[in-house]
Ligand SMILES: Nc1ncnc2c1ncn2[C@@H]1O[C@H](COP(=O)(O)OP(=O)(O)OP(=O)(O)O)[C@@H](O)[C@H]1O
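First, one chain by itself: the form predicted alone, in structure tokens.
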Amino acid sequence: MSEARERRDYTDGPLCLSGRNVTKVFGLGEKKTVAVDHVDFDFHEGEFVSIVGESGSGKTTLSKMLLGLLNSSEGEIFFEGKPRDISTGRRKREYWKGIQAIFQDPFSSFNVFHKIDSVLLDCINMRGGRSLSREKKIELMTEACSFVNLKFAELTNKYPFELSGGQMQRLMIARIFLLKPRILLADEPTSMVDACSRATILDMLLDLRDETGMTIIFITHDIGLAYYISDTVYIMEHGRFVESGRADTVILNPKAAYTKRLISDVPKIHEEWDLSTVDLKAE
């Protein structure tokens, strides 16, 4: 992970998820908190997007709205060019066929009483594979595990607590490989693993995008990781996007003082990504 990769411009491609004036307000009156403040965004098919901001910037609240776990207070979110409708449980479930997520803590995403092969089998069934033969299902589960450098035969009859954090994060990616949603939202998926596992997981996310063509929305506080992995970045401060655009343009030629501060906080380990020429003087 020593160099930023080659990026593509997806802005002329089809939109898969977009929003206009999306706002989330908690509380009323003097206790009102505006967590997300009238943001616009356009995420295109096959694009790798990072939403970057410190804790409290609003990125987690926005991600919950993107997933349909929170309703917006104002504005509208569009899925595949049409206003998103999650007004009923059935419509939410239909929407979730198109968008899935992986989170910081992989253990919280798995039922500790369900064996690993059972979890993967559920994914196949959710994708309409109930009628497939047992041999075909094993083939699909083996392929998904192989994609993330795990051996399905070694996972059979194991429970989540028997695996390491890095193995569990890779298993979450295998699960997404089977589900094949249009959009994957990855919320700080590398924050609880070591540096070696972090690099592996990021490269697997890129491989997943290249293999399936899905859009990946990467939520992170680390602008160095965003520079490495993204086609496009949105920089979020106090609920607003203060800067957005192609990752190399925004990060190598930042305009907002907040973006410059995030770059100045990047650890020395990232200097090999050639951020040393960036003008970090606040405007």
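The first residue of the shown sequence is 1; numbering continues from there. The structure displayed is predicted, hence computed values, not measured ones.
If you look for the form predicted together with this ligand, you will not find it shown, but the lines that follow are about it.
Residue Glu54 is the only one of Glu54, Asp248, Glu45, Asp42 with a heavy atom lying within 4.5 Å of this ligand in the model of the complex. Judged against this ligand in the model of the complex with a 4.5 angstroms heavy atom cut-off, the residues Phe107, Thr190 and Asp222 are out of contact without exception. Not displayed here, this ligand is kept clear of Ile216 by more than 4.5 Å at the level of heavy atoms in the model of the complex.
The shortest heavy atom separation between Leu67 and this ligand in the model of the complex exceeds 4.5 Å.
Contact annotation: Gly58 falls within 4.5 Å of this ligand in the model of the complex, judged by heavy atom distances.
In the model of the complex, Phe26 is the single residue of 13 to 29 with at least one heavy atom within 4.5 Å of this ligand.
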